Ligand code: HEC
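First comes one chain, alone, set out as C-alpha coordinates in the form predicted alone.
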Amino acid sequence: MSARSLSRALLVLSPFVALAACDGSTVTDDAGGGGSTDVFVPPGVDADMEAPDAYVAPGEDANGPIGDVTYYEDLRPIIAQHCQSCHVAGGVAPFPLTTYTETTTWGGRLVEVTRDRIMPPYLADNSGDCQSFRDARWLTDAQIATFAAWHEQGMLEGDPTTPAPMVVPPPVLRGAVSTLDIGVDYAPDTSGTDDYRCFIVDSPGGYVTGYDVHPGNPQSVHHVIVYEPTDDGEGDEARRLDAAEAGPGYTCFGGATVNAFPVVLWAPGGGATEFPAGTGVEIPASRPLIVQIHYNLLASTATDRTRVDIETTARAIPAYILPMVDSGFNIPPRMESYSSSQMQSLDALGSITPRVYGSFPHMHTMGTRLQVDLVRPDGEMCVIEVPRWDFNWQLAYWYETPFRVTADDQVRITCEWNSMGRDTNTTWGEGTQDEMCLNFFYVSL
(Lines give C-alpha, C1' and ligand atoms only; values in the text may rest on other atoms or scores of the structure.)
Protein backbone atom coordinates (compact mmCIF):
# COMPACT_ATOMS: atom_id res chain seq x y z
CA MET A 1 0.00 0.00 0.00
CA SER A 2 1.45 3.36 -1.06
CA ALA A 3 0.97 6.72 0.62
CA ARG A 4 -1.63 7.44 -2.06
CA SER A 5 -3.40 4.24 -1.10
CA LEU A 6 -3.42 5.28 2.55
CA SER A 7 -4.91 8.68 1.81
CA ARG A 8 -7.59 7.16 -0.38
CA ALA A 9 -8.44 4.57 2.23
CA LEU A 10 -8.81 7.32 4.83
CA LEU A 11 -11.11 9.18 2.46
CA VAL A 12 -13.42 6.17 2.57
CA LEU A 13 -14.49 7.59 5.92
CA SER A 14 -16.35 10.54 4.35
CA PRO A 15 -19.29 8.67 2.76
CA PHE A 16 -19.62 6.46 5.84
CA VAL A 17 -19.93 9.54 8.04
CA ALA A 18 -22.71 10.80 5.79
CA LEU A 19 -24.51 7.48 5.89
CA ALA A 20 -24.22 7.26 9.65
CA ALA A 21 -25.65 10.74 10.03
CA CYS A 22 -28.77 10.08 7.99
CA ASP A 23 -29.76 6.45 8.52
CA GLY A 24 -30.94 6.90 12.09
CA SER A 25 -28.99 3.89 13.36
CA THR A 26 -27.89 3.89 16.96
CA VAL A 27 -24.92 1.98 18.30
CA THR A 28 -25.07 0.99 21.94
CA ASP A 29 -21.70 1.19 23.65
CA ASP A 30 -21.29 -2.23 25.21
CA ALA A 31 -17.54 -2.05 25.50
CA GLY A 32 -17.62 -1.20 29.17
CA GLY A 33 -18.28 -3.23 32.26
CA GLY A 34 -21.57 -4.21 33.79
CA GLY A 35 -23.32 -7.39 34.73
CA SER A 36 -23.30 -9.33 37.97
CA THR A 37 -20.38 -9.04 40.36
CA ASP A 38 -21.32 -12.19 42.27
CA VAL A 39 -18.50 -14.70 42.65
CA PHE A 40 -19.13 -18.44 42.52
CA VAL A 41 -17.96 -20.17 45.73
CA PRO A 42 -17.44 -23.94 45.38
CA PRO A 43 -18.93 -26.19 48.06
CA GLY A 44 -16.68 -26.57 51.09
CA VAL A 45 -14.84 -23.29 50.52
CA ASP A 46 -15.08 -20.43 52.99
CA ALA A 47 -16.53 -17.43 51.19
CA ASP A 48 -14.43 -15.13 53.37
CA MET A 49 -11.16 -16.76 52.34
CA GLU A 50 -8.92 -14.95 49.90
CA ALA A 51 -9.77 -16.17 46.42
CA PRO A 52 -7.09 -17.89 44.37
CA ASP A 53 -5.79 -16.23 41.22
CA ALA A 54 -7.58 -18.75 39.00
CA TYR A 55 -9.72 -21.84 39.35
CA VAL A 56 -7.61 -25.00 39.22
CA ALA A 57 -9.32 -28.23 38.27
CA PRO A 58 -8.69 -31.46 40.22
CA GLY A 59 -5.53 -33.18 39.01
CA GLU A 60 -3.91 -29.92 37.87
CA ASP A 61 -1.96 -27.04 39.29
CA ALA A 62 -1.63 -23.58 37.77
CA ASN A 63 1.19 -24.82 35.52
CA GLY A 64 -0.51 -27.92 34.16
CA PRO A 65 -1.45 -31.49 35.08
CA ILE A 66 -0.40 -33.41 38.17
CA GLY A 67 0.15 -37.17 37.98
CA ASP A 68 -0.20 -39.42 34.94
CA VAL A 69 -1.06 -37.73 31.66
CA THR A 70 -2.67 -39.95 29.03
CA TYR A 71 -3.70 -39.52 25.44
CA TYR A 72 -7.37 -40.45 25.76
CA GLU A 73 -8.15 -38.63 28.98
CA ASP A 74 -5.93 -35.54 28.74
CA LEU A 75 -4.44 -34.90 25.30
CA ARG A 76 -7.20 -35.93 22.90
CA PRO A 77 -9.69 -33.26 24.12
CA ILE A 78 -7.10 -30.52 23.45
CA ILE A 79 -6.31 -31.88 19.99
CA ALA A 80 -10.01 -32.15 19.13
CA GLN A 81 -10.61 -28.54 20.14
CA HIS A 82 -7.56 -26.88 18.63
CA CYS A 83 -5.98 -29.12 15.98
CA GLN A 84 -8.49 -31.25 14.11
CA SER A 85 -9.93 -28.49 11.95
CA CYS A 86 -6.74 -28.96 9.89
CA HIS A 87 -5.05 -32.18 11.06
CA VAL A 88 -7.43 -34.74 9.58
CA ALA A 89 -7.21 -37.03 6.56
CA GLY A 90 -7.49 -34.86 3.46
CA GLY A 91 -7.12 -31.65 5.46
CA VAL A 92 -4.75 -28.80 4.77
CA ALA A 93 -2.24 -30.02 7.38
CA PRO A 94 0.46 -32.41 6.16
CA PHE A 95 -0.55 -35.20 8.58
CA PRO A 96 -3.61 -36.22 10.62
CA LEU A 97 -3.85 -36.24 14.42
CA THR A 98 -6.98 -38.30 14.90
CA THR A 99 -5.65 -41.48 16.56
CA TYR A 100 -3.28 -42.41 19.37
CA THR A 101 -0.78 -43.93 16.92
CA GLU A 102 -0.79 -40.86 14.66
CA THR A 103 -0.24 -38.58 17.64
CA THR A 104 2.64 -40.59 19.12
CA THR A 105 4.42 -40.43 15.76
CA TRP A 106 4.71 -36.67 16.19
CA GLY A 107 4.94 -36.53 20.00
CA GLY A 108 8.25 -34.70 20.30
CA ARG A 109 7.43 -32.25 17.54
CA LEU A 110 4.06 -31.46 19.12
CA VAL A 111 5.88 -30.41 22.29
CA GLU A 112 8.14 -28.07 20.33
CA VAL A 113 5.50 -26.35 18.20
CA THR A 114 3.07 -25.86 21.08
CA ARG A 115 5.80 -24.64 23.44
CA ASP A 116 6.97 -22.09 20.84
CA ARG A 117 3.35 -21.21 19.92
CA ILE A 118 3.93 -22.11 16.29
CA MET A 119 0.84 -24.29 16.46
CA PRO A 120 -2.07 -23.80 16.59
CA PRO A 121 -1.40 -20.96 14.12
CA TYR A 122 -2.54 -17.90 16.06
CA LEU A 123 -0.06 -15.05 15.97
CA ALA A 124 -1.62 -12.39 18.22
CA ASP A 125 -0.89 -12.52 21.94
CA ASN A 126 -4.12 -13.70 23.58
CA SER A 127 -2.75 -13.99 27.10
CA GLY A 128 -4.60 -10.87 28.24
CA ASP A 129 -1.42 -8.79 28.44
CA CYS A 130 -2.44 -7.10 25.19
CA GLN A 131 -6.19 -7.57 24.64
CA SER A 132 -8.17 -10.80 24.30
CA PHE A 133 -9.74 -12.03 21.09
CA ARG A 134 -12.86 -14.04 20.36
CA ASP A 135 -12.62 -17.45 18.66
CA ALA A 136 -8.89 -17.53 19.43
CA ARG A 137 -6.96 -20.67 18.51
CA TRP A 138 -4.81 -20.17 21.57
CA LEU A 139 -3.53 -22.79 24.00
CA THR A 140 -3.41 -21.99 27.70
CA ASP A 141 -0.15 -22.49 29.56
CA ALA A 142 -1.70 -25.55 31.24
CA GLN A 143 -2.57 -27.09 27.87
CA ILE A 144 0.96 -26.53 26.60
CA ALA A 145 2.27 -28.15 29.78
CA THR A 146 -0.01 -31.14 29.12
CA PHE A 147 1.72 -31.82 25.77
CA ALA A 148 5.12 -31.65 27.47
CA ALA A 149 4.13 -33.86 30.41
CA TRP A 150 2.53 -36.48 28.13
CA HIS A 151 5.71 -36.76 26.10
CA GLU A 152 8.00 -36.77 29.13
CA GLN A 153 5.99 -39.56 30.76
CA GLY A 154 6.35 -41.82 27.72
CA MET A 155 3.18 -40.86 25.79
CA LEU A 156 0.81 -43.00 27.88
CA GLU A 157 -2.26 -44.24 26.02
CA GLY A 158 -4.86 -44.33 28.79
CA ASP A 159 -8.31 -45.86 28.44
CA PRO A 160 -9.45 -46.25 24.79
CA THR A 161 -13.06 -46.57 25.98
CA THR A 162 -13.02 -42.97 27.18
CA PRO A 163 -15.86 -41.20 25.33
CA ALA A 164 -14.55 -39.24 22.37
CA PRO A 165 -14.58 -35.47 22.83
CA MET A 166 -16.93 -33.44 20.70
CA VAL A 167 -15.23 -31.68 17.81
CA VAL A 168 -17.00 -28.34 17.65
CA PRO A 169 -18.23 -27.77 14.09
CA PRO A 170 -17.05 -24.59 12.40
CA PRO A 171 -19.47 -21.63 12.36
CA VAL A 172 -21.72 -21.11 9.34
CA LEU A 173 -23.22 -18.07 7.64
CA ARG A 174 -26.84 -17.32 8.50
CA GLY A 175 -27.96 -14.58 6.11
CA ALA A 176 -28.24 -14.00 2.36
CA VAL A 177 -25.16 -15.46 0.68
CA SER A 178 -23.53 -14.68 -2.67
CA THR A 179 -20.68 -16.80 -4.03
CA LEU A 180 -17.50 -15.30 -5.47
CA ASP A 181 -16.19 -17.89 -7.94
CA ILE A 182 -12.76 -17.50 -9.57
CA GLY A 183 -14.41 -19.10 -12.58
CA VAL A 184 -11.72 -21.56 -13.69
CA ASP A 185 -9.80 -24.61 -12.57
CA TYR A 186 -6.54 -22.73 -12.05
CA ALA A 187 -3.23 -24.54 -12.55
CA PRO A 188 -0.69 -22.81 -10.27
CA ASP A 189 2.64 -21.59 -11.57
CA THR A 190 5.07 -24.32 -10.48
CA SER A 191 8.27 -22.40 -11.25
CA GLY A 192 8.59 -21.71 -7.51
CA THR A 193 7.30 -23.06 -4.23
CA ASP A 194 4.59 -20.39 -3.86
CA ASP A 195 2.17 -18.77 -6.27
CA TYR A 196 0.23 -15.61 -5.41
CA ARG A 197 -2.63 -15.05 -7.85
CA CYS A 198 -5.34 -12.38 -8.01
CA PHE A 199 -8.65 -13.14 -9.71
CA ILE A 200 -11.20 -10.50 -10.71
CA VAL A 201 -14.81 -11.24 -9.73
CA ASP A 202 -18.03 -9.23 -9.87
CA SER A 203 -19.32 -7.59 -6.73
CA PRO A 204 -22.94 -8.26 -5.68
CA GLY A 205 -23.12 -4.86 -3.99
CA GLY A 206 -24.57 -4.14 -0.57
CA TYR A 207 -22.86 -4.59 2.80
CA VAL A 208 -20.67 -7.58 3.62
CA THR A 209 -21.57 -8.96 7.07
CA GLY A 210 -19.65 -12.26 6.98
CA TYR A 211 -17.74 -14.70 4.81
CA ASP A 212 -16.77 -18.34 4.38
CA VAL A 213 -14.02 -19.64 2.10
CA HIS A 214 -14.21 -23.00 0.34
CA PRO A 215 -10.82 -23.90 -1.16
CA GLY A 216 -10.99 -26.11 -4.21
CA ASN A 217 -7.66 -27.72 -3.31
CA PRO A 218 -7.29 -27.58 0.50
CA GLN A 219 -3.76 -28.96 0.34
CA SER A 220 -2.39 -25.98 -1.60
CA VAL A 221 -4.64 -23.01 -0.73
CA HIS A 222 -2.72 -21.38 2.10
CA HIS A 223 -4.64 -18.13 2.51
CA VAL A 224 -7.31 -16.10 0.74
CA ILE A 225 -7.80 -12.33 0.89
CA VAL A 226 -10.62 -10.54 -0.91
CA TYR A 227 -9.84 -6.89 -1.65
CA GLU A 228 -12.13 -4.02 -2.61
CA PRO A 229 -10.48 -1.36 -4.82
CA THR A 230 -10.62 2.08 -3.20
CA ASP A 231 -12.43 3.59 -6.21
CA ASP A 232 -13.67 2.72 -9.71
CA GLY A 233 -10.35 3.77 -11.28
CA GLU A 234 -8.42 1.27 -9.19
CA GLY A 235 -10.97 -1.38 -10.16
CA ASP A 236 -10.30 -0.58 -13.83
CA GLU A 237 -6.55 -0.89 -13.18
CA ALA A 238 -7.07 -4.36 -11.70
CA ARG A 239 -8.97 -5.38 -14.83
CA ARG A 240 -6.10 -4.04 -16.96
CA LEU A 241 -3.57 -6.13 -15.02
CA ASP A 242 -5.76 -9.19 -15.51
CA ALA A 243 -5.98 -8.60 -19.26
CA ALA A 244 -2.25 -7.91 -19.61
CA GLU A 245 -1.08 -11.21 -18.12
CA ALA A 246 -1.52 -14.58 -19.79
CA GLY A 247 -3.91 -17.01 -18.15
CA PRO A 248 -6.57 -16.30 -15.55
CA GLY A 249 -5.85 -13.54 -13.06
CA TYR A 250 -2.50 -11.83 -12.46
CA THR A 251 0.52 -12.25 -10.18
CA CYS A 252 0.14 -10.32 -6.91
CA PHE A 253 2.62 -11.05 -4.14
CA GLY A 254 2.09 -9.04 -0.97
CA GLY A 255 -1.22 -7.39 -1.85
CA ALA A 256 -3.67 -6.63 -4.64
CA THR A 257 -1.05 -4.52 -6.50
CA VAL A 258 -3.70 -1.79 -6.97
CA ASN A 259 -4.93 0.48 -4.17
CA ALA A 260 -7.41 -1.67 -2.26
CA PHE A 261 -8.32 -2.74 1.25
CA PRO A 262 -9.20 -6.22 2.56
CA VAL A 263 -12.78 -7.31 3.12
CA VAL A 264 -12.10 -11.03 3.64
CA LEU A 265 -9.04 -12.51 5.38
CA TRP A 266 -8.96 -16.30 5.64
CA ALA A 267 -6.48 -19.00 6.63
CA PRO A 268 -7.17 -22.76 6.91
CA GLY A 269 -9.28 -23.97 9.80
CA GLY A 270 -11.05 -20.69 10.40
CA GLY A 271 -14.54 -21.59 9.21
CA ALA A 272 -17.13 -18.90 8.60
CA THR A 273 -16.52 -15.42 10.00
CA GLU A 274 -19.36 -13.15 11.07
CA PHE A 275 -18.65 -9.45 11.38
CA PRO A 276 -19.81 -7.80 14.63
CA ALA A 277 -23.60 -7.88 14.84
CA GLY A 278 -25.37 -5.24 12.81
CA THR A 279 -22.24 -3.94 11.06
CA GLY A 280 -21.09 -4.36 7.48
CA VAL A 281 -18.59 -3.11 4.91
CA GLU A 282 -20.12 -1.59 1.79
CA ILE A 283 -19.00 -3.09 -1.55
CA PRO A 284 -20.33 -1.05 -4.47
CA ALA A 285 -21.55 -3.13 -7.40
CA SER A 286 -19.83 -0.67 -9.78
CA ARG A 287 -16.33 -1.99 -9.10
CA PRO A 288 -14.96 -5.55 -9.02
CA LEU A 289 -13.62 -7.49 -6.09
CA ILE A 290 -10.12 -9.00 -6.16
CA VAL A 291 -9.64 -12.52 -4.78
CA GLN A 292 -5.99 -13.11 -3.86
CA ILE A 293 -5.02 -16.74 -3.29
CA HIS A 294 -1.68 -17.93 -1.95
CA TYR A 295 -0.87 -21.40 -3.26
CA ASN A 296 1.71 -23.42 -1.27
CA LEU A 297 3.07 -25.76 -3.92
CA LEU A 298 5.12 -27.88 -1.54
CA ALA A 299 1.88 -29.56 -0.50
CA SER A 300 0.16 -29.91 -3.88
CA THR A 301 0.38 -28.64 -7.45
CA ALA A 302 -3.10 -29.77 -8.51
CA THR A 303 -5.61 -27.35 -9.98
CA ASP A 304 -7.84 -25.26 -7.76
CA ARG A 305 -11.20 -23.53 -8.03
CA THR A 306 -11.72 -21.71 -4.77
CA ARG A 307 -15.08 -20.14 -3.96
CA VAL A 308 -15.83 -17.47 -1.36
CA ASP A 309 -19.29 -17.14 0.15
CA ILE A 310 -20.02 -13.62 1.34
CA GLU A 311 -23.02 -12.78 3.48
CA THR A 312 -24.54 -9.47 2.45
CA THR A 313 -27.40 -7.22 3.39
CA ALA A 314 -28.89 -4.09 1.85
CA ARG A 315 -28.64 -2.15 5.11
CA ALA A 316 -26.18 -2.24 8.02
CA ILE A 317 -24.41 0.00 10.49
CA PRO A 318 -21.62 1.26 8.22
CA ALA A 319 -18.19 -0.11 8.97
CA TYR A 320 -14.93 0.64 7.26
CA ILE A 321 -11.32 -0.53 7.18
CA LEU A 322 -8.95 2.06 8.64
CA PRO A 323 -5.22 1.53 7.94
CA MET A 324 -2.48 2.40 10.41
CA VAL A 325 0.86 2.41 8.59
CA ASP A 326 4.56 3.14 8.81
CA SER A 327 5.81 3.49 5.24
CA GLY A 328 8.94 5.58 5.87
CA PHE A 329 11.29 2.88 7.12
CA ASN A 330 14.62 2.01 5.47
CA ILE A 331 15.94 -1.34 6.70
CA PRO A 332 19.72 -1.78 6.49
CA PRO A 333 21.05 -5.18 5.34
CA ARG A 334 22.58 -7.82 7.62
CA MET A 335 20.64 -6.80 10.73
CA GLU A 336 19.36 -9.47 13.11
CA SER A 337 16.85 -6.98 14.44
CA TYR A 338 15.77 -3.61 13.10
CA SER A 339 12.67 -1.73 14.22
CA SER A 340 10.70 1.29 13.13
CA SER A 341 7.75 3.13 14.69
CA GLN A 342 5.25 5.65 13.43
CA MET A 343 2.78 7.72 15.41
CA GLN A 344 -0.41 8.57 13.54
CA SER A 345 -2.89 11.20 14.60
CA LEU A 346 -6.58 10.50 14.23
CA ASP A 347 -7.49 14.14 13.62
CA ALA A 348 -9.17 13.13 10.36
CA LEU A 349 -11.96 11.61 12.42
CA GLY A 350 -12.97 15.00 13.82
CA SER A 351 -15.44 14.60 16.67
CA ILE A 352 -16.38 11.04 15.69
CA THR A 353 -15.59 8.38 18.33
CA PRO A 354 -15.48 5.12 16.36
CA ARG A 355 -15.63 1.70 17.93
CA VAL A 356 -12.79 -0.66 17.03
CA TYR A 357 -13.85 -4.30 16.67
CA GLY A 358 -10.89 -6.00 15.03
CA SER A 359 -7.31 -5.81 13.75
CA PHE A 360 -5.61 -7.20 10.65
CA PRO A 361 -1.78 -6.84 10.92
CA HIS A 362 0.43 -7.17 7.86
CA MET A 363 4.16 -7.41 7.06
CA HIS A 364 6.15 -9.39 4.49
CA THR A 365 8.71 -12.18 4.85
CA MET A 366 11.40 -10.29 6.80
CA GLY A 367 8.96 -9.34 9.55
CA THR A 368 9.53 -10.73 13.05
CA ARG A 369 7.27 -8.69 15.37
CA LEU A 370 4.47 -6.11 15.19
CA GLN A 371 2.74 -4.10 17.91
CA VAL A 372 0.10 -1.38 17.89
CA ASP A 373 -0.55 0.88 20.88
CA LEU A 374 -3.25 3.44 21.50
CA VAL A 375 -1.66 6.55 23.01
CA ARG A 376 -4.15 8.53 25.06
CA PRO A 377 -3.73 11.71 27.09
CA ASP A 378 -3.99 9.64 30.29
CA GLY A 379 -1.75 6.73 29.23
CA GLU A 380 -1.17 3.96 26.71
CA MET A 381 -3.12 0.82 25.84
CA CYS A 382 -1.72 -2.11 23.87
CA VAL A 383 -4.07 -2.81 20.97
CA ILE A 384 -2.44 -5.85 19.35
CA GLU A 385 0.91 -7.58 19.68
CA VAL A 386 2.25 -10.19 17.28
CA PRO A 387 5.41 -11.43 19.01
CA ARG A 388 6.32 -13.92 16.25
CA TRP A 389 5.22 -12.77 12.81
CA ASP A 390 4.71 -15.44 10.15
CA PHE A 391 3.85 -14.26 6.64
CA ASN A 392 2.19 -17.60 5.91
CA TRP A 393 -0.54 -17.05 8.53
CA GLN A 394 -2.31 -13.75 7.90
CA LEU A 395 -5.38 -13.67 10.13
CA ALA A 396 -8.13 -11.35 11.30
CA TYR A 397 -8.36 -10.82 15.06
CA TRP A 398 -11.66 -9.81 16.69
CA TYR A 399 -11.66 -8.21 20.14
CA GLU A 400 -13.58 -9.77 22.98
CA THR A 401 -14.22 -6.21 24.18
CA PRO A 402 -14.35 -3.49 21.50
CA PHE A 403 -12.99 -0.08 22.42
CA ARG A 404 -13.63 3.47 21.29
CA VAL A 405 -11.14 5.97 19.88
CA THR A 406 -11.38 9.75 20.23
CA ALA A 407 -9.85 12.59 18.23
CA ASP A 408 -7.38 13.15 21.09
CA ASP A 409 -5.95 9.65 20.72
CA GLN A 410 -2.99 8.66 18.61
CA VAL A 411 -1.91 5.27 17.33
CA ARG A 412 1.68 4.02 17.34
CA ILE A 413 2.64 1.09 15.15
CA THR A 414 6.00 -0.63 15.67
CA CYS A 415 7.48 -3.27 13.39
CA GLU A 416 10.65 -5.33 13.63
CA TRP A 417 12.49 -7.18 10.88
CA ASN A 418 15.42 -9.53 10.36
CA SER A 419 17.47 -8.52 7.28
CA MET A 420 20.33 -10.98 7.65
CA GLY A 421 19.54 -12.47 4.24
CA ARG A 422 19.70 -9.13 2.41
CA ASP A 423 22.65 -7.31 0.83
CA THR A 424 20.82 -4.03 0.14
CA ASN A 425 18.45 -1.74 2.00
CA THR A 426 14.76 -2.67 2.08
CA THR A 427 11.92 -0.15 1.89
CA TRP A 428 8.12 -0.14 1.59
CA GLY A 429 6.63 -1.80 -1.47
CA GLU A 430 4.44 -4.53 -2.97
CA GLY A 431 7.22 -6.75 -4.32
CA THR A 432 8.81 -9.91 -3.00
CA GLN A 433 11.92 -8.07 -1.85
CA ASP A 434 9.97 -5.16 -0.32
CA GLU A 435 8.44 -4.85 3.14
CA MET A 436 5.38 -3.41 4.86
CA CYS A 437 4.41 -2.25 8.36
CA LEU A 438 0.64 -2.06 8.50
CA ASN A 439 -2.41 -2.76 10.63
CA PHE A 440 -6.02 -2.47 9.48
CA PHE A 441 -8.75 -1.72 12.02
CA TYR A 442 -12.34 -2.86 11.50
CA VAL A 443 -14.34 0.13 12.76
CA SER A 444 -17.96 1.25 12.98
CA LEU A 445 -19.10 4.74 13.82
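No experiment lies behind these values; they were computed from the predicted model shown. Sequential numbering from 1, following the sequence displayed.
There is another form of the same protein, the form predicted together with the ligand; it is not shown, and what comes next is about it.
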Exactly one residue in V356, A93, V263, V325 has a non-hydrogen atom within 4.5 Å of the ligand in the predicted bound form; which is it? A93
Single option in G280, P268, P288, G249 placed near the ligand in the predicted bound form, where near means a heavy atom within 4.5 Å: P268
Residue-level question: is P120 within 4.5 Å of the ligand in the predicted bound form, judged on heavy atoms? yes
Hey, in the predicted bound form, does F403 get a heavy atom within 4.5 angstroms of the ligand? no
Please run the contact check for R109 against the ligand in the predicted bound form: heavy atoms, 4.5 angstroms, yes or no? yes
Though only this chain appears here, would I321 touch the ligand in the predicted bound form if you measure heavy atom gaps against 4.5 Å? no
Check all three, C86, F147 and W393, heavy atom within 4.5 Å of the ligand in the predicted bound form: yes
Can you pick the stretch from 202-210, 255-263, 162-170, 139-147 whose heavy atoms fall within 4.5 Å of the ligand in the predicted bound form? 139-147
For a quick check, can you give me the residues of 157-182 that have a heavy atom within 4.5 Å of the ligand in the predicted bound form? none
